[in-house]
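Single chain ahead, by itself, as structure tokens, in the form predicted on its own.
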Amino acid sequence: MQTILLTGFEPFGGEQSNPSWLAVQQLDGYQLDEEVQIVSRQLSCVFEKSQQELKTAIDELKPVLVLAVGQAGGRTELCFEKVAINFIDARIADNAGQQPAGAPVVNDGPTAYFTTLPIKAMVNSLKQRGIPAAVSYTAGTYVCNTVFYALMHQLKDKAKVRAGFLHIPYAPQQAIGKAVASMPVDMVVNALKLCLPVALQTTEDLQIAAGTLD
């Protein structure tokens, strides 16, 4: 049985829940088919600890694909990240009270890593099903980007393991009184069920424009 590792985060920034974990935990044990099963793990919203938790999960499960999922309040659609940068500049402290400013994720690591997932094909598959999705070119400079960069760094010598990061909007209950977009957790769960087979089966990503003007 092959394994897909999904990760989500614990709540942070004063929130009582995190939609990334609310979504991925529903898929723990879910089988895409007779040969592929999903395992979900929660990561701490702590810079160093999350990297170690991720490494432990990868070493234990030996997945064929890893998709880390994180909350991005203010996003209006599912955002599949293209690039992770070796840079931390925390606007708020993490859940351990750490607030690095201008620090690397990995000392002497490369400037950036690109995802190895066929994210244009994944986005296209979701749009065809009426689910808002887009390619994003900034994963921020907080713990989400740190996990994304650490994920790609940990897998840099494992070319057969595809990996990437997905940012999702607030859940509806989080958006009350904030005048920001939200997305039902059930829609996120359905989107993951639809796009993960695309991630496994697509050998070359679509050659379509998905860039931005700003």
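Owing to the predicted nature of the structure, the values given are computational and were not obtained by experimental measurement. We number the residues from 1 along the sequence you see.
Beyond what is shown, the protein has a form predicted together with a small molecule; the following relates to that form.
Taking the partner from elsewhere, Gly70 is found to have a heavy atom lying within 4.5 Å of the small molecule in the predicted bound form. At the 4.5 Å threshold, heavy atoms of Leu117 stay clear of the small molecule in the predicted bound form, well away from it. Taking the partner from elsewhere, Cys45 is found to have a heavy atom lying within 4.5 Å of the small molecule in the predicted bound form. By the criterion of a heavy atom within 4.5 Å, Val143 is counted among the residues contacting the small molecule in the predicted bound form.
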